[in-house]
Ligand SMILES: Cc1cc2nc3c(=O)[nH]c(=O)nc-3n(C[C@H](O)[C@H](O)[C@H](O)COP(=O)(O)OP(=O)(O)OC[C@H]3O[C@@H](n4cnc5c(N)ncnc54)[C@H](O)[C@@H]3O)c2cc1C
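In the block that follows, a single chain appears as structure tokens, in the form predicted alone.
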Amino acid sequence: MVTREIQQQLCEIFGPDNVLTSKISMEAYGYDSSPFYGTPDAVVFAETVADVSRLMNLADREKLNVIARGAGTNLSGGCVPTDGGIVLALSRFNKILEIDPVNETALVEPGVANMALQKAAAPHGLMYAPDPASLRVATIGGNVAEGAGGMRGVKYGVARDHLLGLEVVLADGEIVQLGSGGKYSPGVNSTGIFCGSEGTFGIITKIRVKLVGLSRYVRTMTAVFDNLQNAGKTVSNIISRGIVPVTLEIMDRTMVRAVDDFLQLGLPRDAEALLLIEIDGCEEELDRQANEIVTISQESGATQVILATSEEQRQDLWKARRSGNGALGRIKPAYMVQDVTVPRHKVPWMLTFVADIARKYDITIAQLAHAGDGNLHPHLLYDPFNKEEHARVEKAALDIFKAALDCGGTLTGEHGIGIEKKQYMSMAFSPEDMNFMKDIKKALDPNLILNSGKVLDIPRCQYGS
């Protein structure tokens, strides 16, 4: 509990203008982009690592829960203060400290928006490869904490593939430097365990990431299908021919219609599925690859393949893909979006399975997928005031999680475990695996004050805190 005395100490650390305790402020910081909600006891805005260190020293002494928060775009409830405590807002911790074009790295603070880093790297002919749909506001700190990916993941990988080093404030306030500026980092790879830990192991205050070359030449196309499974098969067929596109994204009919209603782009509304494909590389090679993809798509059942002939057409296609989440609000006021992954060859089966689950439970599911990565995003739509419908959505979600794991997949590809998937962790990991992860958590955070109630189920009262 944050007492008046602790509030006073917070004001001494951050300054009175950077400490919020009003009811309306607690409401504003009680949720993220997931359906979950909680109420913090206070919100503080940090701008220096010294502020964060002093906060953790205080929190550890008083055994106060601390929840790090970037832009609040989390989709699994990772920054929702379900156990109360202090929300540590890192949105002002937003400086790009260095772009090193020679060594192709960047050093940033955690509150830097993904798009801001893309814009800073582009003049050097470089990019930060992870590009979640929310990149305009989602922060690099959040990208690392959640293990974010994006639409370029099939070729360029996800956040953990581009993480070189971290500055972290530990639970007791100690500041440590992990990793280095290059790939030849000696010693134990302690940087990696913080990627995807969702703020439960420490507070990230600096991040060094790897940048990659920005291709000057791209080709973008869409393939239209009257069969959802054929769209999934096309993905495997393209990659099995040795072509690795930057992007292989599937939108099903529900998603296509929602986006077209929203943007009026003239998308093929009667199609069962739309496959967005983008390739990059040498200009001479791209035309050959594009022609081969057209042939593969037609052989796999595409009824139409359209190559973007202008940058405007290309941007319209990307706008359609990135608008999916928001457009669904026209159908139902709420959704639960999953991000299960399956082996790539299981994508066609999984897309069909999800469609069958929608019919089984009489609910609407709109499907997006980073299909090249086997990362599916079924959006289970519902009315939050209809408890019976919500219950059917919960049952459908469980069936999808089970099916993904039975396929050899995972609970999450990029959204994190958070609150949403914590109850399913025992389905995905053995008791020994779970105990190992809990032991790491207890070693790094003995008083369990870092983002309590997320990822791992270790009740503070049972642990003696």
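Note that residue numbering follows the sequence shown and begins at 1. All values derive from a computational prediction rather than experimental measurement.
Unshown form predicted in complex with this ligand; subsequent notes refer to it.
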Inset, instruction - Examine Ser33 and determine whether its closest non-hydrogen atom to this ligand in the predicted complex is within 4.5 angstroms. - result: yes
Inset, instruction - Answer for Leu75 alone: is it within 4.5 Å of this ligand in the predicted complex, judged on heavy atom distances? - result: yes
Legend entry - Partner contact for Ala46 in the predicted complex: this ligand, 4.5 angstroms, heavy atom: no
Inset, instruction - Using a 4.5 Å heavy atom cut-off, state whether Cys79 contacts this ligand in the predicted complex. - result: yes
Inset, instruction - Answer with one of Ile204, Ala271, Leu376, Val354: the residue that has a non-hydrogen atom within 4.5 Å of this ligand in the predicted complex. - result: Ile204
Inset, instruction - Given that the partner is absent here, state which listed stretch (413-421, 37-45, 430-438, 397-405) has heavy atoms within 4.5 Å of this ligand in the predicted complex. - result: 413-421
Legend entry - Output flag, Arg69, Ala133 and Gly141 jointly within 4.5 Å of this ligand in the predicted complex, heavy atom basis: yes
Inset, instruction - Select from 105-119 the residues with a non-hydrogen atom within 4.5 Å of this ligand in the predicted complex and write them out in sequence order. - result: Pro110
